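Below, in structure tokens: the form predicted alone, a single chain.
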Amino acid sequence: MSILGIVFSYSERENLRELTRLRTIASLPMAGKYRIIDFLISNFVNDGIYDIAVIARDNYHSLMDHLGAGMEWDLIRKRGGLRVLTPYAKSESGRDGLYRGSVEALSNNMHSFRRSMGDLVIMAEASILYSIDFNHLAKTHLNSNADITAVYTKQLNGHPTVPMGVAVMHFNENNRLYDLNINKDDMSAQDVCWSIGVFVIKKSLLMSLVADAMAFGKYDFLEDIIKRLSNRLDIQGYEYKGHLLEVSSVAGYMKANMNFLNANFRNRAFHRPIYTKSKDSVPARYCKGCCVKNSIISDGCRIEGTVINSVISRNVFIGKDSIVKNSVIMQNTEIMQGVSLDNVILDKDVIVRENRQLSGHETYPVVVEKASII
């Protein structure tokens, strides 16, 4: 059975402050030279799924520039391939193109899904990263004869609480979902089944459910389809036990990047290829007197100061006597002489003047907006 992959490039429940003011969550840099969406699309491609639709909502210029026609992921194809689906300037209802929820996003792009050769749909959100065997997931769904298969996990790489904003699922003894609620408080992760935002469903059933929900003014896939119809549909659970990263908050985004500094985690995350947009950058240059410890340094960087436990994207300059610790620095940023940064996230094209000091906390990092001058 052929599979259509649908990726939501945005999250309706994220709180990333300045980081997503001018971009969608899927285009956020991750682990230096990668973007969040690279991990999702690579997961599909590694499992032989080459029919992928990326649904965009707003601030998608950076996303489209990064993805292009999908060449780096081998997605330039006569059948299937990569499609980035952007909103209409005006929808059929006369409203502007911004979706009122994930159901409306699916409904407005149903014309594209109908043309797909895929009979089965795997939907994935951009706020949680994982490495899952989509083929095994699809086979499990078909063998169970379920209407929908919902992927959940019970762990978060050792963190004690369930992320706020995710769906907590409740299954009976037959592994059938009977209730769902959105986590709004700190909740212990022990023995809690929380959604990683992946659902498997036949395309024909998805089209029917979306049309029905839209007819009754229901726009949220989790609340208005999964929860509302849990007593009518056979929604089965599928437990994911592998590594994952949750990036729907600033602290979560910082922790996700810091995970890649751990060699064991990095080996698990890259046990299959992760593809990204290639750029002809020169190698990083480490100048005399610099010091780099336990950090990711991307192409095109020039390091004159000290970098410890940090993730540095492409074409970053760190001046002499500057110290960057426990931080994420995005591309084309210039950090001048004598600067001290600790638990800081610098967006693209930031300039930090001489002798400035910025310090945050791992639970609340300092975020400097794109193209700022400090």
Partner chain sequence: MICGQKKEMIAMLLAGGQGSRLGILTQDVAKPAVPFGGKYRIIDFPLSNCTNSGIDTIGVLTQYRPLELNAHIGSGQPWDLDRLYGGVFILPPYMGGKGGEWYSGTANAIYQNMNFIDLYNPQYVLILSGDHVYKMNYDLMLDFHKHKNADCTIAVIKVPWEEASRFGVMNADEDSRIFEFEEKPQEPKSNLASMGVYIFRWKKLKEYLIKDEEDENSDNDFGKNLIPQMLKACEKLYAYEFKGYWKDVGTIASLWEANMDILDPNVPIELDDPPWRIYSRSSNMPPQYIGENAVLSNSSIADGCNVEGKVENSILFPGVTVGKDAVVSNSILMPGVSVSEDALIEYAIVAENARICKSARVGEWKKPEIGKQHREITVIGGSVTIGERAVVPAGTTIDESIIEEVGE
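Residue numbers count along the first chain shown, from 1. Keep in mind it's a predicted model, so treat the numbers as computed, not measured.
Absent from the display: the form predicted in complex with the partner chain. The rest refers to it.
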Quiz item: Among Ile226, Leu75, Ile296, Leu137, which has any heavy atom within 4.5 Å of the partner chain in the model of the complex?
Solution: Ile296
Quiz item: Using a 4.5 Å cut on heavy atoms, which of Val168, Val292, Leu156, Ile201 is close to the partner chain in the model of the complex?
Solution: Val292
Exercise. Run the contact test on Tyr10, Glu18 and Tyr60 with a 4.5 Å heavy atom cut-off to the partner chain in the model of the complex and return yes or no.
Key: no
Quiz item: Is the gap between Trp194 and the partner chain in the model of the complex 4.5 Å or less for some heavy atom pair?
Solution: no
Quiz item: Given that the partner is absent here, does Ala215 sit within 4.5 Å of the partner chain in the model of the complex, heavy atoms only?
Solution: no
Practice problem: Using the partner position in the model of the complex, report whether Tyr99 sits within 4.5 Å of the partner chain, counting heavy atoms only. | Solution: no
Quiz item: Is Phe265 close enough to touch the partner chain in the model of the complex, meaning at least one heavy atom pair within 4.5 Å?
Solution: no
Quiz item: in the model of the complex, which of 100 to 108, 236 to 244, 139 to 147, 271 to 279 comes within 4.5 Å of the partner chain (heavy atoms)?
Solution: 271 to 279
